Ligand code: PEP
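Presented as structure tokens, the chain that follows is alone, the form predicted on its own.
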């Protein structure tokens, strides 16, 4: 259910409606807009008798939402959300590029790569401090030492930091050091982790699961937003198919679907989406063309020696070319890429 307030409704009226909703055993989510405030209602298992709500001062109308996901739906919030990551805004005019190594391997490695990212216009530095790997014997990350290196990158280059939280035990530590928390594909339906990420109130990048439908993807985002965290960015990172010429199949059709169905911004991950270095730039071009709000790219100064995902990491020279192309294409789709 979505309650639309009148344009002249006061904050006291909004508060009274929220109190009324709570008394009914439901949860209100006030969403101030440029013209009027809307209040989303969750927690109802069946249609709510709306007469009591309509009797409250300042209420204009009630809209019954038909989608299984509520807070992420355009029915709840018709205007595009812009997520502010400590000054970097995702979902507006700017096409935001996040880039960096798959894994934080050393301080020297991160500083070299961060210099390239900063020089060519990247805004957010990505790097894994905790690495969920298919093999228990593979490199698992530097953990808190890696987080400290990421914080050094932020201090030296002014780049914002994103890294993955892999479990509920370490997410508070990740939140302490970073500007944005990533929930990876393997954890898209780890509902305890999603709720905990929501409670941090930090911006969250949620990656689509390897076999997830788009409804399942949006329902996962609903878990985060149900904890009153509206700062969610979605990421299409490829799904498993029968194709064997790429690591995954980057489902670019998901981007316009999400844009039509949800108000949340969505970015693309052509690194994981293809698993092939030579395909990252072409799929980046395709991503901006279909309406993505940004990219998350793996960059390594010496991919042949990378401790994880070397075959899909582009070199610094390739990153410079990618950014040149994004800056050329951005105005075509009414975006900006500095």
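Residue numbers count along the first chain shown, from 1. A quick note: this is a predicted structure, and the numbers were derived from the prediction, not measured.
Below: the form predicted in complex with phosphoenolpyruvate, not depicted.
- Just one listed stretch, out of 127-135, 71-79, 221-229, 172-180, contacts phosphoenolpyruvate in the model of the complex at the 4.5 Å heavy atom level, and that stretch is 127-135.
- In terms of contact with phosphoenolpyruvate in the model of the complex, the residue from 148, 195, 156, 186 that brings a heavy atom within 4.5 Å is 186.
- Within 4.5 Å of phosphoenolpyruvate in the model of the complex, a heavy atom is found for none of 94, 259 and 335.
- Residue 102 belongs to the set of residues with a heavy atom inside 4.5 Å of phosphoenolpyruvate in the model of the complex.
- Contact annotation: residue 300 falls outside 4.5 Å of phosphoenolpyruvate in the model of the complex, judged by heavy atom distances.
- Although the partner is absent here, residue 123 sits far enough away that none of its heavy atoms falls within 4.5 Å of phosphoenolpyruvate in the model of the complex.
- Contact annotation for 10-40: no residue has a non-hydrogen atom within 4.5 angstroms of phosphoenolpyruvate in the model of the complex.
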